[in-house]
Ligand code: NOJ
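In structure tokens, one chain follows: the form predicted on its own.
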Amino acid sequence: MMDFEKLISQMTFEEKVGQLAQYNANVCMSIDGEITGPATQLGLKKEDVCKVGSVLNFSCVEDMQNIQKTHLENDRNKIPMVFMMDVIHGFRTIFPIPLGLACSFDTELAAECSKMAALEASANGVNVTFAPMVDYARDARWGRVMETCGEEPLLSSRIGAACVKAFQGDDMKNPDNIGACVKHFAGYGGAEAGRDYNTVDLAERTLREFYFPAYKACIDAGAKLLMPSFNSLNGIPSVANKWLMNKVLREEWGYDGVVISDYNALGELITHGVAKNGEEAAKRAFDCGCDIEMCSSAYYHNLKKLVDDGVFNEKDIDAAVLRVLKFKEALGLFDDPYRGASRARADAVTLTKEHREIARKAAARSAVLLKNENVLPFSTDVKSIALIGPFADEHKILGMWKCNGRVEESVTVYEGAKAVLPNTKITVVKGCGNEFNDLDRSGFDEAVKAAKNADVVVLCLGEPMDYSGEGNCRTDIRLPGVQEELAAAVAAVNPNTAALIFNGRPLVLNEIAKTVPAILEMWFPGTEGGSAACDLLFGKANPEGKLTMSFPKATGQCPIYYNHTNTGRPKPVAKDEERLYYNSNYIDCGNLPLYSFGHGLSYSNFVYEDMAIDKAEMTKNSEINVKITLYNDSDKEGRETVQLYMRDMVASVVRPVQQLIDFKKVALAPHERKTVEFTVKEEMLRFWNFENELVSESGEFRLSTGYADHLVHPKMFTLK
């Protein structure tokens, strides 16, 4: 155990502040030469760069080794740098985007994918990933929904915690593991109008009920690093929000790890208008416990003056430095500044056959069968297939945050089909483009001809990879271009048509649902996306994904989410498509989504035969046992996510019309019947009341199963 108190006492003030700075690799690579470009723009001299404590956005393991070696040669304290990167859904072997992976409702799968990503990343020189991102999201217009787990706090909490534990392992010093940075604290997903970086204005009770739980779950799971969000939260940007960062995070939750700002977030305090200059920005952020400043220089240029002026004590600086040094020790950097990373190790563990198989399994289990009118799965005996649409032979299916993934290494639908059915005639016709302004219909005739002459048709549709992700928000979330028209023309001439959808957000699929008899939501599935798609299309795999975000009927319904509250004039579900006067409804669209949270079909026919509870009353010290009888009325083995919902019928505040309180994955053989058991405890009934107290209240509750807008077998009980 190193004597960090002694080490800190020997450091100059500038060396201490260096530990609180993170810059892009191109800045730190300038140590050997003249200080130009980015370093100059940041106001850094060569001696400043030598003291920098952490790096992000380096390109390869050789760069990491060179930067670390040069740094240690120039740092008299020999404190190693820590290297961070956005390893969001894979390093080189890319698995489905987080919104898609969460559709598996499978924490073990999420952990397996995270372990794979950690192994590849660490071997290539990454010490920390800026993941998991567990922002709660309700608005599909927001581009970064692709990184979230969607609209259910319980699911986000479980998936996020599983990822943290998988990234970090039992011992972060193990070079197969990396540190996890939970982000973006807090409320980033509540951006007004679904526009990235925009204002977030949310009641404290809403924050605590929906937005906070997943961050807290990740911290409880042991996350060693946390990133505040860009947005202003109720008038104050998160990195400078004292209530959020000090009262909630440090005092209430007891978080004692490192806080790192987002990219230039301190500089943006000036743009927000809550700091007039770098000195005020540094004061506000440091006062709120931000330890590391990413890619701006407010700390470097102002912390010394703030200490000299008595705003902070140097012991405050020492405390932040100590947190950073302990974090580096936990990563094993003082034992091995390179953590075993090398070209040989990287080549041995990156994009292996085993990792491709994990990615393929994840892509298949994350896909959601939205609609199926006895079309899928297709027979492997088909003589001819027409693959039609802009994604028929498209490698760009990785998603925006592809890290070091290479699009040319992904498997397209065409390549996947050739592998599954090597002796089948496969015709590929693009038909049209997938951009907003691509209205060219000249390929329609060829597409229709191919569809007429094929046994089965697979429409491969979607949005480009860069239409979702950070900064990529949309006001119209229909399929871009003329893809809807292409689908209608093709489906009209061949009833054996299925659509694959590649996208980073829920889309408005009304027109596709009207014309195409089967729809399989693939998300951006990653490196093995085409293989997984064909496994599903031809019955080698059975769809099991369930939606984690609702698919609206119209963009104007956004934000739309299943766990909404009632109004005083709710519209009856049975009359959703009717126009009713003086009810809470749209005059041109129903209130319900096209496909709701929890929806997802299977090639198996799962019948929810019954749900039973063992008592009709419970006290705060007792519990209710729930048994759900599930039957697989088919000849196909499958896996089902059994969902348990609760509604608090009367409370001191308006409560959600339904709320997921537990779920379990269960595998059923053909014609197998199973009983799935749940235990309902008092803490599962708690909510944040008007006084922002976490409470449960006596009264009636309803339990049900199924999914969101299609709940069955309701049972009532009373909490005494």
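Everything quoted here is computed from the prediction, not taken from an experiment. Counting begins at 1, following the sequence as shown.
What comes next is about the form predicted together with 1-deoxynojirimycin (NOJ), which does not appear here.
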{"item": "Location of 1-deoxynojirimycin (NOJ) contact in the predicted complex, chosen stretch of 628 to 636, 472 to 480, 223 to 231, 489 to 497 [non-hydrogen atom, 4.5 Å]", "value": "223 to 231"}
{"item": "F130, R144 and Y263 all contacting 1-deoxynojirimycin (NOJ) in the predicted complex, non-hydrogen atom within 4.5 Å", "value": "yes"}
{"item": "Residue (of V680, L56, V49, M64) lying close to 1-deoxynojirimycin (NOJ) in the predicted complex, criterion heavy atoms within 4.5 Å", "value": "L56"}
{"item": "Answer option from Y299, F91, W401, F185, heavy atom within 4.5 Å of 1-deoxynojirimycin (NOJ) in the predicted complex", "value": "W401"}
{"item": "1-deoxynojirimycin (NOJ) contact at D455 in the predicted complex, heavy atom, 4.5 Å", "value": "no"}
{"item": "1-deoxynojirimycin (NOJ) contact at D86 in the predicted complex, heavy atom, 4.5 Å", "value": "yes"}
{"item": "1-deoxynojirimycin (NOJ) contact at M465 in the predicted complex, heavy atom, 4.5 Å", "value": "no"}
{"item": "Contact test in the predicted complex: V349 vs 1-deoxynojirimycin (NOJ), heavy atoms, 4.5 Å", "value": "no"}
{"item": "1-deoxynojirimycin (NOJ) in the predicted complex - contacting residues of 282 to 314, heavy atom within 4.5 Å", "value": "M294"}
